[in-house]
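As structure tokens, one chain now follows by itself in the form predicted on its own.
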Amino acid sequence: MSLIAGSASAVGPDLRATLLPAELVSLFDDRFVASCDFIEEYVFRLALGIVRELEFERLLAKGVTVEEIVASVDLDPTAAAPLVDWLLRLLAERGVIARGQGSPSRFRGNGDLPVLDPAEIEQAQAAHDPAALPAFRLAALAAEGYLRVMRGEAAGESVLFGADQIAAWFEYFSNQNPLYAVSNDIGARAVLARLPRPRGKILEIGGGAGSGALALFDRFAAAGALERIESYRFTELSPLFLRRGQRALASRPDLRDRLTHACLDIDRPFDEAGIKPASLAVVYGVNTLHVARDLAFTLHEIRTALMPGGVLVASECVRPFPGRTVYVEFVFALLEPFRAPVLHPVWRPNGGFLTPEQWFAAFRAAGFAEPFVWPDIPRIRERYPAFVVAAVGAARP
């Protein structure tokens, strides 16, 4: 399935210049699009291999629910059910199994599952653009741990964040990795466009290794607008990532007197980290807000911290349609906070990523105004249903 027409696998006219803002068209060039196609195919093949290894084929032959599979294969019901559900929905979207319309859904095989080698796709990506390979390494790392997590033998956190895996995360959360850097770039552009006053204070939540902040500083500098940043508070929960981020931001001596760093847990009151009410022009995060344990609580804390007219800007993977899989979920669904947050029937019906409509409803429920998604995924998704990168946000009235 092609992200955008223009790659070799695309069908139909190329509508990038029509559907995307002019300033973003160059980000989604054929090189980037082909890498997106490769990583989607790679994740599909990894998922297919896991389903085959668990020998789901005999169950799928007669039609089965996720719950029946978990019970039949003796998997841990808490950890395995959402992972099995995701794997089967992906296979159904790709047409190798069928999904019924009932609730709960029944999945049925269409014959023998194909045998497809993920290594072929990784090799094709290496030849096409090796800069995107960190995303493939993380997906492979996740695949190695799937069976242990599903059987209750290991937690996803230990599978993904052991001492030997940290370097892989730093390579992934990098502006040198085009499959992640696009989120930083779109987020930085959105903040520059929406900073509500000539100068303002910015708080970044979940800053990770600092690549989002660096992209934002580069974007402001290119626009001759660095002086608009009155102060920038970089925060992160993980001490390891916080230290890495501090070192990365030390490369910007032009902002040294305006940069501060702190540990901030978005699931705790912000005043515990010294964030004062009504003090900020912008609260910013890249792929952070969707992992809030209680999104309503975190949005309330953000709204409280913003001054009237201040804005929340969150660069996020956005689920284009309810229930549709997003390839990066293959990795992050191993983490319990990702797959099991506090739910709300309207705007937080599941863990992971939200649709544009769910974001809008969540913002309004938290008392925000003027919600936005940029670029306009509700318009783009009808032509390109795999397009998932956007900035979402809203303003404090």
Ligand SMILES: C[S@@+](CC[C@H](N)C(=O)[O-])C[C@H]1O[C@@H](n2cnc3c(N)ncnc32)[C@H](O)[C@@H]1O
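Since this is a predicted model, take the numbers as computed values, not measurements. The first residue of the shown sequence is 1; numbering continues from there.
Unshown form predicted together with the named molecule; subsequent notes refer to it.
Contact with the named molecule in the model of the complex, judged as any non-hydrogen atom within 4.5 angstroms, is confined among 67-75, 200-208, 123-131, 108-116 to 200-208. Proximity to the named molecule in the model of the complex, taken as a non-hydrogen atom within 4.5 angstroms, holds for one residue of Leu91, Val286, Leu312, Val149, which is Val286. A heavy atom within 4.5 Å of the named molecule in the model of the complex is found for one listed residue only; from Leu138, Leu264, Leu83, Ile186, this is Leu264. Not displayed here, the named molecule is approached by Phe241 to within 4.5 Å at the level of heavy atoms in the model of the complex. At a distance threshold of 4.5 angstroms between non-hydrogen atoms, Tyr180 is in contact with the named molecule in the model of the complex.
In the model of the complex, at least one heavy atom of Phe173 sits within 4.5 Å of a heavy atom of the named molecule. In the model of the complex, none of the heavy atoms of Glu301 sits within 4.5 Å of a heavy atom of the named molecule.
In the model of the complex, Glu236, Leu237, Ser238 are the residues of 214-240 with at least one heavy atom within 4.5 Å of the named molecule, listed from first to last.
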